[in-house]
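We begin with a single chain expressed as structure tokens, specifically the form predicted on its own.
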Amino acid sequence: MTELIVTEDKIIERVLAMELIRVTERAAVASAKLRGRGDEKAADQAAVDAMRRELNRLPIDGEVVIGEGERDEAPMLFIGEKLGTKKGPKVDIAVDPLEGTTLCAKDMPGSIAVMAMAQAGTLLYAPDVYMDKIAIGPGYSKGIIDLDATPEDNIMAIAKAKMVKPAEVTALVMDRPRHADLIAKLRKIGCSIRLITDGDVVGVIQCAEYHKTGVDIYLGIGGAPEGVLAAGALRCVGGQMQGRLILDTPEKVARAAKMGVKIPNKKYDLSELASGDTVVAATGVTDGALLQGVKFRGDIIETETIIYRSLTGTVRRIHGEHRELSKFHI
């Protein structure tokens, strides 16, 4: 076994790799036990409890900057919550213990347990509001997409770069009434559209996995916290993303300002959403385009996890077979 040199960089490297996988694995397994039961809150709570328990075992001094709620809504993982043993490096933590709660409750494809960890002060403190987003995977020249350009212009830019017709470009969009005009414009230009009902983080990350998902571009409005999580993954593979917070009420503007947002209509690029050394781990709960869900096979639990690290540009897929079931607290 390689000796661990106790420096901050080495500790961060160790924590932000294999130990993060264990955190999302535990959350995924806990919620997977409740797949198809129709109880979104119970599945989400199981994932939250498992994720908190595992994070508190890590040698970090962590603070949740992207969470599921404020302190008065505990026991959810809340913004400002301190996690870890406090005997390690200071880190930012972004969590979505169960993305796609409805998908899990109905045992539909695409539900995951996901989290990101980064050096303290390097993740955008995004309030729980909507964010207008655009994202693509690696392999394109810088600036090829622009949140302020029309959907048609962005699709044409992708098609030109790929040397294909717009009909051979696939855009992923959340199936929401707010996207009716966007969808109409994409269809008018002949673009292929893949609609998803839930799973905003997975939606963006699918751009990074084009060879597996066939998704070229993500467009539309989704959660701001989910945007930060997805941005961390895209940074690791050289993707591009822009986002703008939708602060359409005085209360939202005030709340964002309290969290450090000084320019309400600012267009954030990828490096502003997630900078520094960022690691993102996601484990499948139900089967989906990105990951296989948890499998219960006799006395063995199978999981599939993908982990991204921005510092090295490394992407790892981990297929786990777990036999020490008591460690999963199920």
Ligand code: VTB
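Note that residue numbering begins at 1 and tracks the sequence as displayed. Quick caveat: nothing in here was measured; it's all calculated off a predicted structure.
Although not depicted, the form predicted in complex with the ligand is the subject of the following passage.
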Residues Lys33, Pro109 and Gly284 all lining the ligand in the model of the complex, heavy atom within 4.5 Å: no
query: Might Asp92 be said to contact the ligand in the model of the complex, defining contact as any heavy atom within 4.5 Å?
result: no
query: Any of the heavy atoms of Gly199 lying within 4.5 Å of the ligand in the model of the complex?
result: yes
message: With a cut-off of 4.5 Å between heavy atoms, is Asp216 one of the residues that contacts the ligand in the model of the complex?
response: no
message: Against the ligand in the model of the complex, would Gly100 count as a contact residue? Criterion: heavy atoms within 4.5 Å.
response: yes
query: 145 to 153, 229 to 237, 129 to 137, 251 to 259: which one contacts the ligand in the model of the complex at 4.5 Å, heavy atom to heavy atom?
result: 129 to 137
- request: Have a look at Ala118, Met174, Met76, Val169 for me and say which one sits with a heavy atom within 4.5 Å of the ligand in the model of the complex.
  value: Met174
Listed residue that, although the ligand is not shown, lies within 4.5 Å of it in the model of the complex (heavy atoms), from Lys162, Arg178, Lys86, Lys212: Arg178
field: Residues of stretch 218 to 237 in contact with the ligand in the model of the complex (4.5 Å, non-hydrogen atom)
entry: Gly222, Gly223, Glu226
